[in-house]
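Just one chain is shown here, as structure tokens, and it is the form predicted alone.
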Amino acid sequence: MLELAQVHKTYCGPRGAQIPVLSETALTLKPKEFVAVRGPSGCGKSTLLLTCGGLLTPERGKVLFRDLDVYAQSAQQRARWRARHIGFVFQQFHLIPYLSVRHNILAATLPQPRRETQTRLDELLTEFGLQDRADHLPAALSVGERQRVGMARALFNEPDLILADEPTGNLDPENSDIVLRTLTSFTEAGGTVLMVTHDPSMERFADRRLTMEAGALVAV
């Protein structure tokens, strides 16, 4: 489904020094696969996700989605591709503070309008137990509820691939379990998940486990 072919990405460090974050990184993700990548903070895990999601252009290498060269597209084309095929789940949720739960979830339709919007919204509100919170602002929600809103938003357009950045990092065990079981169900239905984490206990749901070392991915 998605392939990283010898992807290289650097950041500019002190005095202009080039610091490699992804070093000729190679990765292939298949349908119905849940892949977990573990590594300490600052090792490049988030950079990996952003690069996979068409948000961070590498200096070298290619990101291929079903043979489509993602970074050969214009920024506008990538935005449409991302809205149709990619769902993002974040540790910090990234909800819009002045929008209700309902409209935070519907934000997924801005770059990718779809039919039967209300039906899909009602399905997700029910699935994540948010019916009674639909008109609440994020500040009125618990931490677990905020992440469930983020999950609903990521799933709204029925993507092929979910990129999850420390999705359980702020959650208690019960809500962590909800998130991980949702991601597992997504892969069982045919989707693919790439999750990065620093917590080895979060890997138990993954089909494949990798660690990130010096910008490269190594099988556990």
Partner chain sequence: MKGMNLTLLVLREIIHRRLNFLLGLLSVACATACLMTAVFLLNLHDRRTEDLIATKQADLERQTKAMEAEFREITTRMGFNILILPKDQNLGDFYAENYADKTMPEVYAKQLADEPNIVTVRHLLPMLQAKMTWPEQKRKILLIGVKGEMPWAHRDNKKPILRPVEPGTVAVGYELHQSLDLKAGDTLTLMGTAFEVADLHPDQGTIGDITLWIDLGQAQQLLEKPGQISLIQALECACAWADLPRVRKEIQGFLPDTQVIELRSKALARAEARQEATRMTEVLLDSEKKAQLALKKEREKLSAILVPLVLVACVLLIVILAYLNVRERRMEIGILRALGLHTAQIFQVFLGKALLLGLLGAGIGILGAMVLAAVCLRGTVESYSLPDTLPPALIVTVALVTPLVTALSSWLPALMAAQQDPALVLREE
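Residue numbers count along the first chain shown, from 1. A quick note: this is a predicted structure, and the numbers were derived from the prediction, not measured.
Although not depicted, the form predicted together with the partner chain is the subject of the following passage.
Visitor: Could you tell me which one of A72, V143, I96, A140 places a heavy atom within 4.5 Å of the partner chain in the predicted bound form?
Guide: Going through each option in turn, the one that passes is I96.
Visitor: C43, I178, L64, L50: which sits within 4.5 Å of the partner chain in the predicted bound form by any heavy atom?
Guide: Contact residue from the list: L50.
Visitor: State yes or no: in the predicted bound form, is some non-hydrogen atom of A83 no more than 4.5 angstroms from a non-hydrogen atom of the partner chain?
Guide: Close contact exists here: in the predicted bound form, A83 approaches the partner chain to within 4.5 Å, heavy atoms only.
Visitor: So in the predicted bound form, does A134 come within 4.5 Å of the partner chain, heavy atom to heavy atom?
Guide: Output for A134 is no: heavy atoms all beyond 4.5 Å of the partner chain.
Visitor: Is L121 part of the interface with the partner chain in the predicted bound form - any heavy atom within 4.5 Å?
Guide: L121 belongs to the contact set for the partner chain.
Visitor: Can any non-hydrogen atom of Q76 be found within 4.5 angstroms of the partner chain in the predicted bound form?
Guide: Yes, Q76 lies within 4.5 Å of the partner chain in the predicted bound form.
Visitor: Honest question, do A107, T117 and R153 all end up within 4.5 Å of the partner chain in the predicted bound form by heavy atom distance?
Guide: The answer is yes; A107, T117 and R153 each reach the partner chain.
Visitor: Select from 157-182 the residues with a non-hydrogen atom within 4.5 Å of the partner chain in the predicted bound form and write them out in sequence order.
Guide: Contacts from 157-182: just D165.
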